[in-house]
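First, one chain by itself in C-alpha cells, the form predicted alone.
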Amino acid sequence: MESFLQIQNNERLARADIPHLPFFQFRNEMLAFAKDGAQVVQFFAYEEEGSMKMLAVMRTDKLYVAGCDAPEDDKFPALTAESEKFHMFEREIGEQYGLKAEGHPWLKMVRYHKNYTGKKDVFDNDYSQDIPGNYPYFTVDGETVHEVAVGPVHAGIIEPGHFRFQCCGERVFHLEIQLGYQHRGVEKLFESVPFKRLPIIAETIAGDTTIGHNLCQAQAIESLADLKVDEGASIVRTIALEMERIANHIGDLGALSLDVAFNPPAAYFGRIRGEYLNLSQILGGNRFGRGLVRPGGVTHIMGDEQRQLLSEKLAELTPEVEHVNDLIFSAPSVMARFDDTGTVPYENAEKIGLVGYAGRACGLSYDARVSFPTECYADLPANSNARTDGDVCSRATVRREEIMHSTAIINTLLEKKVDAASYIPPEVNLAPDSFVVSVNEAWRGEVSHCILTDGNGDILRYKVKDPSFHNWTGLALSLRDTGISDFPLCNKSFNLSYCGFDI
C-alpha cells in the first residue's frame, strides 16, 4: 500500500491528512493490497458540497486508509471482478449513492431503499426499490432441478429474510439470501439526531450485540471529542463485552443441539444463558447491556458487592457449562451431524473475508482483540482454536473454546479492584474536519464504526459495519453440495444478524 496511510484503531485524524488519490490509483492499490492478503474493514461513498467521494480502510496486522473522488460519470470498473472481498461493499455503494460498479458479477440491491442522492437505479433490473418483490434471483436450469423458497416470513420470532435454494433432489446447488426487509436508515439517523440519542441508536443496531456496537460508537466519539476513559470503566466495558459473548455462544450451542434433536443440552443451556444475562444486569443494570456504555465511561460502577456476586456465580456456572459441553461433544449422534457438514474451505473464507468465529473455524486467525486491542485487551491473553476445518463442528468448537476463554478473562479482570469514576455526561464537541475508525471484536466478529466530521464538527458521514455484512455470503457457500435438510443446522452454526445487516 504505497499511498495508503497507516493508522491506529480509534485514532483521530485530520481529514486533510488522509491520502486523496486519483481514482484508478486508489482502485489499483486496493486490489494489489487485497491480492497480498489484506481484508476490507470499510469501503463506502459519501457526498460533500455536491461532490461524490469514496473512502476505504484496509487491514493486515495494521490498519490503512485512503480516499478518492468518485468518477464524474458515476461509473467505475468493479473491484469485485478481480477480488471477491469487495462484493458487498460495491453493491452497497451503488444502492446508497448511485455509483455503478460496472462488471460486478452480482450487482443487486442490498437493502430496500432509494439511494441517498436521488440518482437513477444502478442495478438495471425491472423492479422497484420501494417494494420488496420482483428481485432477480439466480436460477439453475435442468429437468431435475427444483427451487425451494423460504421466507421472508418465518415461524416463531425469527427476523425476516428470504432464502432461495436451487436443488437437485436433496442436494443444494446454490443458495441465494436476500435481506433488507427491515432497513431502518440507521446511518442517516446518526447524522441527524441530537447527540444524546447516538448511544441509544447504536445499542439497537443489533439487539444481541448491544455492547459490541455501542462500544465502537463510544470509542469513536471519545476520539473525536478527546474524552478520556478511566481504568475502572475500561474493566467494566471489557467484562460486559465478554459476558455478551458468553451468553450468545451458550444460547447458540443449545440451539445447535436442538437442531440435531438432542434436547437435554438445549434445555440446560437455555437456562444457563439466562443466568449470564442476569450477570449482565448485575454488572450494568440491564440483561442485554443497554444503558451501560456511554462516551466518556460507563453509567454503573462495579463495586466489591458486584465483584463478589459475579465471581461466585461464575464459579458456580463454569463447571455446569463444561458438563453440558461434554454432553454435546461426546455424543456420537451429535458429532455425526456436526462433522463435515456445511464446510467452508479456508480459500473461500479468505476470499470473501469471513470474520469472527466463522472465520477462525476456517483457519483465519484474525481476532480484533489481538490485532487492534482496545480497553483492557492489550494486557489479556489471546485464545487459540483446536479445530479449524470450516464445518459446523469447527464453528461449534470455536464457540466452546471462546466461552472458556472469556470466562478466564472476566475472572482475571474481577481480581483488579479498580472502581470506575462516577459518570457525568460530558459536554461534547467533535473535532471538525476529522476522521476516526473504531474496530472491536464483538461476539460474531469484527464490528466497525467510522465517522467523518465536517468543518463545523457535525457528523458528515457515519458508517456502520456488522460482522454479518461479511458472513452471510459464507452461510450461502456452506450450503453448496449439502443436503437442504441441513440448512437449519448450518444457519444456526453461523447465527448471523438480520437487523445488523439491514441497518
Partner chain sequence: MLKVIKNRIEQGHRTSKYPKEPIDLYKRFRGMPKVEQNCPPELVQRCADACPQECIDVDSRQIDLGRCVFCGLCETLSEGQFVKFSTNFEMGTANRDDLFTHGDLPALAEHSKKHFKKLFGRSLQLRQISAAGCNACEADTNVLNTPFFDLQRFGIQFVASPRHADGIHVTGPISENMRQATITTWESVPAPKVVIASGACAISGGPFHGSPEIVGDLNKLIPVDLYIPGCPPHPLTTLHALLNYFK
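These numbers come from a predicted model, not from an experiment. Residue numbers count along the first chain shown, from 1.
As for the form predicted together with its partner chain, it is not shown, yet the points below apply to it.
The closest non-hydrogen atom of residue 104 lies beyond 4.5 Å of its partner chain in the predicted complex. In the predicted complex, none of the heavy atoms of residue 120 sits within 4.5 Å of a heavy atom of its partner chain. Though the partner is left out of this view, residue 415 does not reach within 4.5 Å of its partner chain in the predicted complex, counting heavy atoms only.
Its partner chain in the predicted complex is approached by residue 499, whose closest heavy atom lies within 4.5 angstroms of it. Here is the short version: of 271, 171, 351, 75, the single residue with a heavy atom within 4.5 Å of its partner chain in the predicted complex is 271.
Here is the short version: of 160, 71, 381, 345, the single residue with a heavy atom within 4.5 Å of its partner chain in the predicted complex is 160.
This chain is displayed without its partner chain, yet in the predicted complex the stretch 322 to 330 from 227 to 235, 364 to 372, 322 to 330, 139 to 147 comes within 4.5 Å of it by heavy atoms.
Against its partner chain in the predicted complex, the set 30, 42 and 295 makes no contact: no member has a heavy atom within 4.5 Å. In the predicted complex, its partner chain lies within 4.5 angstroms of at least one heavy atom of each of the following residues of 147 to 169: 152, 153, 154, 155, 156, 157, 158, 159, 160, in sequence order.
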